[in-house]
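A single chain comes next, written as structure tokens; it is the form predicted on its own.
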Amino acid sequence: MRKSALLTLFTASCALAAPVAEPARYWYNMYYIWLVVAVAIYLIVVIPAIYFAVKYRYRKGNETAQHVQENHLLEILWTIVPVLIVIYLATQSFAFYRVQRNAPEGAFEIKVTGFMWGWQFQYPNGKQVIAFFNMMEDPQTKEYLPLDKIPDTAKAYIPAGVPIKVLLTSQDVIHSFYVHPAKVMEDAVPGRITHLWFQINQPGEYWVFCREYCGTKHSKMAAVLKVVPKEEFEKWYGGPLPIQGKQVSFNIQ
């Protein structure tokens, strides 16, 4: 029983260490670092507080307390230790942010334009995919359709294991492009080009959502990324992957 529990814990740890998409691992790493630090600080504060509350609780006849004026060692410790923790969290967070923010060299660029209420994906060879909200919802129940009920023509094909750099803009209001498995999000702003990157390693179908309220159909403004092996992607794309790192033009509307 004990071995089984340890094996389950080990398996879960491995799963966390190898997310289905990048740069999600940095998001998870930062989350667990902050969680461990927060729990440790909580226990350091709460356990002594409970201990002293019980030990020095009110009793008749022991109301005289000892006055402690100063303790240089304690004052140095509770000043330096928090400063070191803050410096560590800040530098580690910035290091992870740089990785999450900057696309790897040679990433495959696509252009994504948000509009009320859908997404337009444009590829370097001119191929386009448009995902409109009514392609994603059941007309009767107004709920999201299962992935297998959404037509492939409304799905953006992505090669598995290849870093994708997305150049973002919007035709109308501010939207926010959120790639669920990769844990990355960036605003799509009218008149501006923003960017993010992701890499999905396992073939499958994954949701993209708008996470900036943009109107009555915001909740259904989604798209599906159809991640396929490189050979299948090139068959759909109509040719080999473009030279990685090739710049593509982007006209702001």
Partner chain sequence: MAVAGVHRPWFGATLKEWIFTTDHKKIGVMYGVTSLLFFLIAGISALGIRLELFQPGLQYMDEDTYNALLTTHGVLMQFWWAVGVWSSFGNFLLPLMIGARDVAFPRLNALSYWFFFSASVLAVLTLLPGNHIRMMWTGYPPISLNDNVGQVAYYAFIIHLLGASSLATAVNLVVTNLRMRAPGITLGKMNLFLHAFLAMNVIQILGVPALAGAVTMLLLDKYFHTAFFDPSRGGDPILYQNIFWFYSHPVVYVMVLPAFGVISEIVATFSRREIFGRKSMIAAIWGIAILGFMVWIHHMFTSGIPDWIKIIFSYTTVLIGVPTGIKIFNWVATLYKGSIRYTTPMLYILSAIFMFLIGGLTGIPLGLPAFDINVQDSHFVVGHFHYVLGMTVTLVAFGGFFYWFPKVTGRMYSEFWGKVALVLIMVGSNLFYFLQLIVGLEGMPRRYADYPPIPQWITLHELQTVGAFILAVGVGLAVLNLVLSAKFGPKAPDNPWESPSLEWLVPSPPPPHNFDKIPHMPEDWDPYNYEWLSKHKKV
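It should be emphasised that the depicted structure is a prediction, and the values quoted were computed from it without experimental measurement. Residue numbers count along the first chain shown, from 1.
Not on display, but discussed next: the form predicted together with the partner chain.
| said: Please pick out the stretch from 105-113, 123-131, 158-166, 90-98 that is in contact with the partner chain in the predicted bound form, where contact means heavy atoms within 4.5 Å. | reply: Careful reading of the contacts points to 90-98.
| query | Looking in the predicted bound form, any heavy atom of Gly204 within 4.5 Å of the partner chain? | reply | Answer no; every heavy atom of Gly204 is more than 4.5 Å from the partner chain in the predicted bound form.
| query | Is there a heavy atom of Ala154 lying 4.5 Å or less from a heavy atom of the partner chain in the predicted bound form? | reply | Looking in the predicted bound form, residue contacts with the partner chain do not include Ala154, since no heavy atom lies within 4.5 Å.
| task | Report yes if any heavy atom of Val228 sits within 4.5 Å of a heavy atom of the partner chain in the predicted bound form; otherwise report no. | result | Answer no; every heavy atom of Val228 is more than 4.5 Å from the partner chain in the predicted bound form.
| message | My question is simply whether Ile200 lines the interface with the partner chain in the predicted bound form - judged by any non-hydrogen atom within 4.5 Å. | response | Contact with the partner chain, no.
| said: Just to make sure I understand: among 177-212, which residues lie within 4.5 Å of the partner chain in the predicted bound form, judging by heavy atoms? | reply: Contacting residues: Tyr178, His180, Lys183, Val184, Met185, Glu186, Asp187, Val189, Pro190, Arg192, Thr194, Trp207, Phe209, Cys210, Arg211, Glu212.
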